[in-house]
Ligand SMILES: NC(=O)c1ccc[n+]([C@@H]2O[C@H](COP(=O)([O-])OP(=O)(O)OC[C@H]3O[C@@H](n4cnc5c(N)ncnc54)[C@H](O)[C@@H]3O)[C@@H](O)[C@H]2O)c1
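Encoded as structure tokens, the following chain is the form predicted alone, with no partner shown.
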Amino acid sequence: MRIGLIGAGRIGTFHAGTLREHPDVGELLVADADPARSRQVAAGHGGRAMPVEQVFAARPDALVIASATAAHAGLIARAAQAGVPAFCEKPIAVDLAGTIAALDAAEGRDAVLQIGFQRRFDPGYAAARQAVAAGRLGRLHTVRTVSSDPAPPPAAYVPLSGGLYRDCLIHDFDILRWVTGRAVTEVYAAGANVGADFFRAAGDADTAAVLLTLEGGVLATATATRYNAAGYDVRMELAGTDDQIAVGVAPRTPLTSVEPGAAPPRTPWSGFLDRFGSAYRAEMDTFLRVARGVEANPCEGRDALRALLVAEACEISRRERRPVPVAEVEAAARACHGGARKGVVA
């Protein structure tokens, strides 16, 4: 397969390594807004560097979009127009208008679009999903998620990120639905600024907590912070009437028990590529099969929209200090974008 890779930053470089080693990939075309960076990544991974226009002109068999977020929606539309199956890192866009427009462009041509929610490909989350579906926990009543970065991103990134709910917690919002099989119906969100001033200047929070109500009355909490020097920490706990289980609790989890005799954690996870490297590789392998038409798409564009609606509800809740039904945000989006081909979240 001839694969186009647009974006040669940290995650794009990781994908380049995965694609280089994949037996189904015969040619890798690399483009980036910084030509020097695309040349460096192409040279290091046996690919060819070229401008974006040339990637499309080469008629690749599939396209991997790992560029800056602002370029995602336009590249999705171009891939759909060219009939090229596309994989896109989250988010499609940082706002509902851009997300829905890109989905309309893709769905209007029945184009393949897989979204990068890599936690779905992590063995722990997959096992939790199976446990819930099999009824092992009895009646599910409580879920807790934790997402903690060891250090904040660069100051220049924050105004472009969409904020802590859209950039970081959106993974939690997606995995909550995927593991439990239940949509989020209402949120109550709070945010705090305890670190660098550039978060507050961008209208963002560096620490957040959300209380979420899921279908059937299941309660969930999701917390996130940009400051956790102990290491990269992503976990989920699920509790039911018969049992409770946890994802992400392992020897490298940066969580120290103060109980007598408890062993300290081993070298903690340093970041998302360290923690989820195998999940990213499994995700890309799946995409190549989806692009060849031999496997169904496990993470469609509408999944990104569903998670974004929850993030949008959180932003409103934080700003207005009130519970916000997700249906309220969906109704507003539908009113503004009534022409969406499949409605808003259908």
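Don't overthink the numbering: it's just position in the shown sequence, from 1. Values in this document were obtained by computation on a predicted structure and should not be read as measured data.
The next section is about a form of this same protein that is not shown, the form predicted together with the named molecule.
- Every residue in the set 7, 11 and 118 has a non-hydrogen atom no more than 4.5 Å from the named molecule in the predicted complex.
- A single residue from the set 279, 42, 52, 316 has any heavy atom within 4.5 angstroms of the named molecule in the predicted complex; that residue is 52.
- Within this chain, residue 171 lines the site of the named molecule in the predicted complex, having a heavy atom no more than 4.5 Å away.
- In the predicted complex, none of the heavy atoms of residue 227 sits within 4.5 Å of a heavy atom of the named molecule.
- For the chain shown alone, residue 69 is a contact residue for the named molecule in the predicted complex, at least one non-hydrogen atom being within 4.5 angstroms.
- Heavy atoms of residue 312 never reach within 4.5 Å of the named molecule in the predicted complex, leaving it off the interface.
- With the partner omitted here, the stretch from 163-171, 140-148, 106-114, 247-255 that lies within 4.5 Å of the named molecule by heavy atoms in the predicted complex is 163-171.
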